[in-house]
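The chain below stands alone, shown as structure tokens; this is the form predicted on its own.
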Amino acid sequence: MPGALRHTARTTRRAVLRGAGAMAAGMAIPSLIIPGVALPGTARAEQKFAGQRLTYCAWGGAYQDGQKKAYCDPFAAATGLTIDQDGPADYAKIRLMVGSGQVVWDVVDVGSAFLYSATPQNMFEKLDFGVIDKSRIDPRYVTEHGVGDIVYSYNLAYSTTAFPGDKHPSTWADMWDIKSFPGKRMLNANAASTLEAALLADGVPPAKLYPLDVPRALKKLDQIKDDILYWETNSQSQQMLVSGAATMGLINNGRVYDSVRKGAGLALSWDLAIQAVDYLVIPRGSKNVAAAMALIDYVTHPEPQAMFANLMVFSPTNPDAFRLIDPKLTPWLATNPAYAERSVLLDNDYWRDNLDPVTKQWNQWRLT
């Protein structure tokens, strides 16, 4: 169908078992060397950080499990570093930690809107590019305080049980059509991505999306306010859709892939998918900056990024990683060239300048 990609659990599961699983297993221990750290596959691991520990924080669920396997476990095995896991990431907690000087998260996976808005507020350590080789990463995904580790998209996804066959939602406007497509809808509890989806559903052309017309977006959301469920974390969005609590909604592409891989009857549309980037940052005041820098540098290599892509189909920020990704997964990747003309990129500059005031408007609307 134009603008949409449909997957069945049966065919995707078979492809994953044959392809991604085998490839991911084959890359369980990347064989490469980074400055000051010998990783598995070399003659001797230096155990540079033996006796030290840091806490890695991401978004929980299958996403964080994949990053633990692809990023943290190989690095810990090679360096002797103990890496504790915590999550889900919570921006209010980061602000509280930094403000109080009681920082317990050392490397955090954050969204671009938060990175760009919190950087001027001195929330993050400035990255040392003498340790972190930023040349490996597409320069669009590198800032002085964050290195992009994945590209993903917010898509319209739906239950194939609720909407079997050809009569199913495929556009953002369809999510507002309660009569044709009944059931609860789910949306991001954060303003970023949700307001974009509302405006796209209201017919705003992608080229004229920014600056966001927030009153117009909220007026559009008024039309389905009684039918909205909000997810606070990506894991929660996945659970809502799989359980049937919502029949459709806004969700990132990797979560749908993970659900379908496990047998869930879900599908997603690529029509006006909203692309975004997640970054690895070090909260200001971390007690383990040296190890945190080294871990981020490790993640810039193609092997860990490709391994994570094979596990969770999030697109890498290191272009060299694509040669290691199972081609069967290409239809699930947000940066697939086939989707380029019908994709929308989240505007980081807009959210840097407007996150706080727009979030205030958004929260007031939700409480009324």
Partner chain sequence: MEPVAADLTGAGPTSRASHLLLVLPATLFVLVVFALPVAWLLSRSVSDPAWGLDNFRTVLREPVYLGLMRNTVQISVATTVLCVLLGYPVAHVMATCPRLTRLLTFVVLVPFWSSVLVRTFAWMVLLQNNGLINRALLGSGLVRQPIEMIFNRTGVLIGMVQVLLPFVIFPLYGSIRAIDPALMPAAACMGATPARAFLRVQLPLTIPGLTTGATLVFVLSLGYFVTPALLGGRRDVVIARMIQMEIGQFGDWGVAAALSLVLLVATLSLLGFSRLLVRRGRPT
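Being a predicted model, the structure only gives us computed values, none of them experimental. Numbering follows the first chain given and starts at 1.
The following text describes the form predicted in complex with the partner chain, which does not appear among the structures shown.
With the partner left out here, the partner chain still marks one of 107 to 115, 71 to 79, 280 to 288, 159 to 167 in the model of the complex; by a 4.5 Å heavy atom cut-off that stretch is 107 to 115.
Using a 4.5 Å heavy atom cutoff, none of Ser180, Tyr257 and Gly263 lies near the partner chain in the model of the complex. Residue contact check for Leu346: none of its heavy atoms lie within 4.5 Å of the partner chain in the model of the complex. Proximity of Pro205 to the partner chain in the model of the complex: non-hydrogen atoms within 4.5 Å are absent; the residue sits far from the partner. A residue is said to contact a partner when one of its heavy atoms sits within 4.5 Å of a partner heavy atom; Asp353 fails this definition for the partner chain in the model of the complex, lying far away.
In the model of the complex, no heavy atom of Lys134 sits within 4.5 Å of the partner chain. Screening Arg140, Lys225, Lys126, Arg216 for any heavy atom within 4.5 Å of the partner chain in the model of the complex leaves a single hit, Lys225. The partner is absent here, but in the model of the complex a heavy atom of Ser235, alone among Ser235, Gln275, Thr171, Ser193, sits within 4.5 Å of the partner chain. Within 4.5 angstroms of the partner chain in the model of the complex, the stretch 338 to 365 places a non-hydrogen atom from each of Leu355, Asp356, Thr359, Lys360, Asn363, Gln364, Trp365, taken in sequence order.
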